[in-house]
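Here's a solo chain for you in structure tokens, the form predicted on its own.
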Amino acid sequence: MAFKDRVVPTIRIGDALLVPIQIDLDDKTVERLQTQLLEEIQEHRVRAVILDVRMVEVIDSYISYTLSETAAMAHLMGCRTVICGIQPPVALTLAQMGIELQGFLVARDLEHAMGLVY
């Protein structure tokens, strides 16, 4: 995938892919992110993806569904997915809507996520 086609930059750390999401996610953007991540998992043959969402202010039901679907697809490709940095307002909204992020390991922050991966 060409750099200009990426939704977010990614950083390869060993056999993990760090994905710092620092943009607002909407339906189209999260779908493009899903495609990007699956292509990069295949291309780099990583065994873990860390989604750092500390800058994300809104995760609605469709975005959470698409992220969970991405984690399930990554799992089928032999890759674990860790999500970290969920902010209190986002956690509150997800809990109030009864949304559970399926297929993820959940970490407090990036340091915790790295510990889960290695």
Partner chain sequence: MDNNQVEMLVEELEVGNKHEEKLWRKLLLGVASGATGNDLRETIREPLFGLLHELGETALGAKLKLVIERTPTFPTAELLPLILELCGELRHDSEQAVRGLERMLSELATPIVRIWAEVLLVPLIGGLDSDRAQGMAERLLERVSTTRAKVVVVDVTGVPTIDTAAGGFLIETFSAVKLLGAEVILTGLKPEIAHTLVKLGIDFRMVAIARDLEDALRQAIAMIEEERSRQRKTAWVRGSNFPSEGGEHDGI
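Residue numbers count along the first chain shown, from 1. Just so it is clear, the structure is predicted and the values come from calculations on it, not from any experiment.
Only in words, not in the display: the form predicted together with the partner chain, which the text now covers.
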With a 4.5 Å heavy atom cut-off, would you call Ala72 a contact of the partner chain in the model of the complex? no
Even though the partner isn't displayed, in the model of the complex is Ala95 close enough to the partner chain, meaning a heavy atom within 4.5 Å? yes
Can any non-hydrogen atom of Gln42 be found within 4.5 angstroms of the partner chain in the model of the complex? no
Would Met114 show up as a contact with the partner chain in the model of the complex if we use heavy atoms at 4.5 Å? yes
Could you list which residues of 51-82 come within 4.5 Å of the partner chain in the model of the complex, counting heavy atoms only? none
